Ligand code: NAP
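In the block that follows, a single chain appears as structure tokens, in the form predicted alone.
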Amino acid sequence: MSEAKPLPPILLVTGAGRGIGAATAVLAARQGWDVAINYRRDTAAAQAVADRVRAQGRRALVVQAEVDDEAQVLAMFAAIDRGLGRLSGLVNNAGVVDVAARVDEGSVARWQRMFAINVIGSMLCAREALRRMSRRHGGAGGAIVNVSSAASRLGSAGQYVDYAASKGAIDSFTIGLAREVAAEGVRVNAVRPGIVETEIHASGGEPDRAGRLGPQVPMQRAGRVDEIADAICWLLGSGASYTTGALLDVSGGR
């Protein structure tokens, strides 16, 4: 009698309807993961990513949730438990930027939204993932990759210091959480993209930002979403089995 094949690992990618998240979901599927695709509003875009995942022969589950809403996050993880099984990977990719503004032009509402989504949302999803992955909770281990930004070390003066500060918080969260759960079978790392050709620039009021600033990068171009996805999926995989607490810059030398 032949041995049963091991079940494929299950990955949640937040903010997976576009950009880096979508590229990561598809690449992870190509590498053997079943994928839960979280999105906020655009159902059609998330379903299109799910179709690309299924085209790789993998299962896909589309789950809508605002990552800064605890009730919605709990419902999302429960849907993944029912629809796919026990999670073994998380990519905290969901995040927002805002229009360029100095700190002395900022508002509490803007700062609260930025930190609620970029920081609290990532912590909420990590908490629920750990409750499924950590050996402390009966899990088999796993990997978390947080999507930070080169802005965390550059500061983004005159543009969005608040966004940079939120990503600085993600860096600290990554390092601390990695050390907290290292003995429980869970690795935690972060990727810090630089200027990348994604739709997020349009939401910040500068749809041409990547093309405009790309030539100023030492490599003289903006990055592509597949280049960021490659780094994320490496950190998720067995090739990074001795890597935790790392902040990996994928920024063209910037």
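Heads up: residue numbers just count along the shown sequence, starting at 1. Note that this is a predicted model, so its numbers are computed, not measured.
One more form of this protein should be noted, the form predicted together with the ligand, which is absent from this view; the next part is about it.
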Problem set entry | the ligand in the predicted bound form reached by all of Ala94, Ile117 and Lys167, non-hydrogen atom within 4.5 Å | yes
Seminar exercise, completed: Residue within 4.5 Å of the ligand in the predicted bound form by heavy atom, from Val26, Val67, Val186, Ala229, is Val67
For this session: Would you point out which of 26 to 34, 49 to 57, 213 to 221, 187 to 195 contains residues with a non-hydrogen atom within 4.5 Å of the ligand in the predicted bound form?
Result: 187 to 195
Exercise. Does any heavy atom of Val147 come within 4.5 Å of a heavy atom of the ligand in the predicted bound form?
Worked result: yes
Exercise. How about Leu236: is it within 4.5 Å of the ligand in the predicted bound form, going by heavy atoms?
Worked result: no
Problem set entry | is_contact(Leu12, the ligand) in the predicted bound form, heavy atom dist at most 4.5 Å | no
